[in-house]
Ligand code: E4P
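Before any questions on how it binds or moves, here is one chain, the form predicted on its own, in structure tokens.
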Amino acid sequence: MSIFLDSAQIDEIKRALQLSFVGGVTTNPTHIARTGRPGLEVLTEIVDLVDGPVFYQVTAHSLAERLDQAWEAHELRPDKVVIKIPGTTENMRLVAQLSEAGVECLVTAVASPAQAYLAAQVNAEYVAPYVNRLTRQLGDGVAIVRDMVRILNGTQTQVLAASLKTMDEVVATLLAGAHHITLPLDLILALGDHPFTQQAIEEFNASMQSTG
């Protein structure tokens, strides 16, 4: 079970890596666009910083062009780059080709257990449901994650849950069986804090001060 940072901002990545429990970085086209830099340039900088996997999404219009994009990104660091491919029936062919060649793939924007099942058939390493977005659009993103985990049981494909907005949503998603989660930096930083813990620390400090 890993926690990934969902960002392409280099300063955020450096901050997250200082925490020692962040296992890698997930990027997407929106994150890359916000940097104002070419995608492969950003990817190169990230993989030089991160020891774990770095997820990079292909965006070209045709299947052949997406395959070229995937190979170009993969060959930057074959030991680190995981290719993100949106979950369509057509794209499963691309996942199958890449997986057969030893390229790790994540099928992203997966919205149903049926898509997750199909991703497992083409040996995807991960599927990424957008939990909060699924809740807003379909009613219960956590329940969809739970069904995905059940249908993937016994396969090599793992659920990497994305689009998590609150601590309650993070916990509910983990309890639903998600194998990994990816979070923005502010939510990662909030994971280890709780008002009751801070209250206890203040009480301990007060006790120490009162005893001199």
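Remember, predicted model here, so these are calculated numbers, not experimental data. Quick note: we count residues from 1 along the sequence shown, nothing fancier.
Not on display, but discussed next: the form predicted together with erythose-4-phosphate.
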Check Ala162 for me: does it contact erythose-4-phosphate in the predicted bound form (non-hydrogen atoms, 4.5 angstroms)?
yes
4.5 angstroms heavy atom contact with erythose-4-phosphate in the predicted bound form for Tyr130
yes
Indicate whether His31 is a 4.5 Å heavy atom neighbour of erythose-4-phosphate in the predicted bound form.
yes
Classify Lys80 as contacting or not contacting erythose-4-phosphate in the predicted bound form by the rule of any non-hydrogen atom within 4.5 angstroms, answering yes or no.
no
Which of 88 to 96, 70 to 78, 130 to 138, 110 to 118 has heavy atoms within 4.5 Å of erythose-4-phosphate in the predicted bound form?
130 to 138
